[in-house]
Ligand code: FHN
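For reference, the chain that follows is the form predicted on its own, supplied as structure tokens.
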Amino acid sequence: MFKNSFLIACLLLAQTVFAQKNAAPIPLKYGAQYEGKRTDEAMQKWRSNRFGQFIHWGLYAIPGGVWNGKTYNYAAEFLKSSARIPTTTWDSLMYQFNPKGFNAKAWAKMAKGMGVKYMTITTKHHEGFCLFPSKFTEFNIANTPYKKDILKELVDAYNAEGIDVNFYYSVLDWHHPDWRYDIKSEADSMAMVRLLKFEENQLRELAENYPTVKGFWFDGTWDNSIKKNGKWTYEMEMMLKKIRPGVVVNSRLRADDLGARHRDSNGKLMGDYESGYERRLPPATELKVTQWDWEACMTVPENQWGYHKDWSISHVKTPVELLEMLVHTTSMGGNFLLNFGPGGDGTFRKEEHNIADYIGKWMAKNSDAIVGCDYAGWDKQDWGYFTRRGKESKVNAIVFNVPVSGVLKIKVPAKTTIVKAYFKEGGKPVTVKEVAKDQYQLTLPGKLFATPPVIIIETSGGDNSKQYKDALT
């Protein structure tokens, strides 16, 4: 009896799965606007950039995670919430914001030296304070002792260094009296109408007043109040793209008619790229991500985005850890956005300078294994990663874990022959040996490497395994 019941249950489950896969799409007005990757020039530029700098800067940089002598271990930009600080008290930090050590040109030169191709800056974080002089709120940079438009200074400085600038904007706003976490009454609904109109006005300001902006990075859209306003999220994306044709918008902005976020109720990606990878990367086996554009954003200390005085409270990633994350991301067709949190005085800490210096020196020699590169289509190996530029016959092998044997094992796609291999820096040849069908070994010289080496592998097509055949089993 049990056996029959189990078989019936399995059949019903199989029928349900089959029905779901073959069900008609759910009609949506505000779902995904297209499938696959955008192919226009602006999107191709965003994609080819690969490496970006994220900057979280706001009033939270002044207390730096410490309030009334107590250190709060959670993210410094959430201190208002963590320490239960009244809004009026927190907002008064605006009158202390006067970053005398801030130098936009120095920031831009540091970013240029690190090898980044774009930067994303918090124009307004959850606290509601604006780094630009908005005419729709007094809670902005113009009313601080600093007074000047920091956002314009940064845009001009970074653009002068050839770096694209994108704007982060938080829809969640602790300062605005009309913000709601959910909509449970007519009053809540009316409040959100007012808030969303305010934010529409600010987004229009940002798009119109800073004409070189290349993208918008939205945050704070996870609450029910936004899930219930999918129409607004759709309209904002359309408005920004109308004002700035080619502008790139992340998936965090969007909710559909039924409240689904990032992906609509039919499973299709909304926005231009997936931005759900925060402080994590997809496993090397998760190759489905190579089918769409995506970006990972990463902190240096595990829990911190904004400036925190005490970095000892969580793991601080080393420069080589972060470099490996950049390479990992590129090898899977994604962009890597590395965060920096300047202090209230407008300067970066020495650890951040050390990271920029380490990655920058590596990128100065090897940036063409990152910028403009993509998923190579080769099986990931334990010793490192592959990247490739377009459909070139050359593949970059970037080595982070040198085997004790000194031998790199490589499995190539069918009808691929490795012709030769050599170090990118210096051109010294690497011994190549075919060992089985579609399998090669590269023998490294018996020495340690100070930084991850890049090996150029040149290939050709055709039958690469004339002497090796599949076993007959």
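Every value quoted in this text rests on a predicted model; they were computed, and no experiment measured them. The numbering used is simple: start at 1 and walk along the sequence shown.
The same protein also exists as the form predicted in complex with the ligand; that form is not shown, yet it is the one meant from here on.
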Here the chain is shown alone; which of Y210, Y168, F97, Y385 has a heavy atom within 4.5 Å of the ligand in the predicted bound form? Y168
Just to be sure I understand the contacts: of H328, R244, K80, R252, which is the one whose heavy atoms reach within 4.5 angstroms of the ligand in the predicted bound form? R252
Give a yes or no on whether every one of W217, E278 and C297 sits within 4.5 angstroms of the ligand in the predicted bound form by heavy atom. yes
Residue-level question: is R47 within 4.5 Å of the ligand in the predicted bound form, judged on heavy atoms? no
In the predicted bound form, is there a heavy atom of the ligand that lies within 4.5 Å of any heavy atom of W107, even though the partner is absent here? no
4.5 Å heavy atom contact, F54 to the ligand in the predicted bound form: yes
In the predicted bound form, does H308 have a heavy atom within 4.5 Å of the ligand? no
Within 4.5 Å of the ligand in the predicted bound form, heavy atom basis, the matching stretch of 80-88, 123-131, 141-149, 348-356 is 123-131
